[in-house]
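Here's a solo chain for you in structure tokens, the form predicted on its own.
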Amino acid sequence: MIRATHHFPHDFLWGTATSSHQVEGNNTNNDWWVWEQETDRIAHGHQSGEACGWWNGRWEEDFDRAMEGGQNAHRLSIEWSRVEPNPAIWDDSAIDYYRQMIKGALDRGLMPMVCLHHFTIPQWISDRGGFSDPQIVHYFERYTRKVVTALNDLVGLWLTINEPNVYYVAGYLEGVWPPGKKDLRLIPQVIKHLVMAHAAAYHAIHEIQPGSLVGLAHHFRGFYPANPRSPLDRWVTNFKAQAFNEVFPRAVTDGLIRFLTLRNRVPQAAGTQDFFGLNYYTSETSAFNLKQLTDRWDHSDFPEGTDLSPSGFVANMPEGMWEALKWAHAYQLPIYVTENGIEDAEDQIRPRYLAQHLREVWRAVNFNWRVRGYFHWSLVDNFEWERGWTQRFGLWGLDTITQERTKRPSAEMYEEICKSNGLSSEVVAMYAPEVLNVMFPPRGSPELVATYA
């Protein structure tokens, strides 16, 4: 075995990512809470409930865990429904609580990256049509101004909206998230309002805080033809990639929304990213199927023998991380990997998933691509939307009844990586020995020769 360490830049951010509804608990005034009360919306009838208890103060111990784990950053979100529970009526105590939380992160040496919209909206906005209502742009800008004015002395790294592509697909195409629509006719206006809301927030943030950095969290999913020789498989693969991956990053680059055959110009959105937030989990293969064109997009097929998570939700395909980074790099902006992880309650696959994906991040860094940080999803097990508590993404396990946290081996592995600012062969040998010879091949091996040929 070659003994080596993949070093990262000295100012690289190492963190974990969370979102308000998934960790705070008892967010009773948003659309997701209402959705959870309805029959057959969430796997096994699960509800977010107390979640991870952060609104009861348990964020402190979890931030302690992040600090002790060598992390120097944390990505979190603000719950809009707490800040503005009724139209233009603000809850200053909620804002004060977020100030306390963000100060707590800073006190522990964790740089905050704050997201303003992570899938949930106040119920009063949902009642008015949510993102299908043009007024959402005004509401979001108003909310953004309130939050940024209150927190700008503590936060300089902002995400406006998390995964707008996932939001429109799950909520308006598949109907598995609120508002539960399956209406292709609504999607163009929802996309337009998401782009306009982002642009309005971007300009508002820079007006209040000129030196801040503002971006979006884009979800990239790798799509590959099941049969590369099939023109129809190649066509459907390109169709999915364009509709899912390309709409939002291109719109906030040049101000033109391209969705299927539609074109919609939003000039105020052009150039509204200071960095590229990249979420990557997995890739999939696509085969032409007339039903599947409008069927659920979260139905995935993977190559035979793929390394799968326990529920088959995520495939360990690190080559997709490389493709995602290459895709993001084309936008010529600094890159933060704002989410990456795998569900794995027994922590059997996560160590090798983490090692192999970080290897691809290191490769990008060594091409002098401006990759500035990595945020693992997630710090602790949390409520995973329509999948409830059936999937465990945390470095730390959570007992939802007792709120007890359990440290997984991957948390210890990530601690070693964060503290050394690098991924070493020793760490891989200890936590993911099954991929050691792939990542650090023995001298003279064909893999090593191919790597350096």
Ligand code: FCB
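Don't overthink the numbering: it's just position in the shown sequence, from 1. Keep in mind the model is a prediction, meaning the values are calculated, not measured.
Form predicted together with beta-D-fucopyranose: not shown, discussed below.
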Handout entry: Distance check, F63 to beta-D-fucopyranose in the predicted bound form, heavy atom within 4.5 Å
Key = no
Practice task
Evaluate N162 for contact with beta-D-fucopyranose in the predicted bound form, applying a 4.5 angstroms cut-off between non-hydrogen atoms, and reply yes or no.
Solution key: yes
Problem - Contact test in the predicted bound form: F276 vs beta-D-fucopyranose, heavy atoms, 4.5 Å - result: no
Practice task
Look up in the predicted bound form whether H193 has a non-hydrogen atom within 4.5 angstroms of beta-D-fucopyranose, and give yes or no.
Solution key: no
Practice task
Select from the listed residues W32, Y414, F393, W54 the one whose heavy atoms reach within 4.5 Å of beta-D-fucopyranose in the predicted bound form.
Solution key: F393
Completion exercise
The listed residue (Y98, Y336, W377, Y168) that reaches within 4.5 Å of beta-D-fucopyranose in the predicted bound form by any heavy atom is W377
Exercise for the section: Determine which one of 90 to 98, 324 to 332, 115 to 123, 256 to 264 lies within 4.5 Å of beta-D-fucopyranose in the predicted bound form, judging by heavy atom distances; exactly one does. Expected result: 115 to 123
Practice task
Heavy atoms within 4.5 Å of beta-D-fucopyranose in the predicted bound form is the criterion; list the residues of 22 to 43 that meet it.
Solution key: Q22
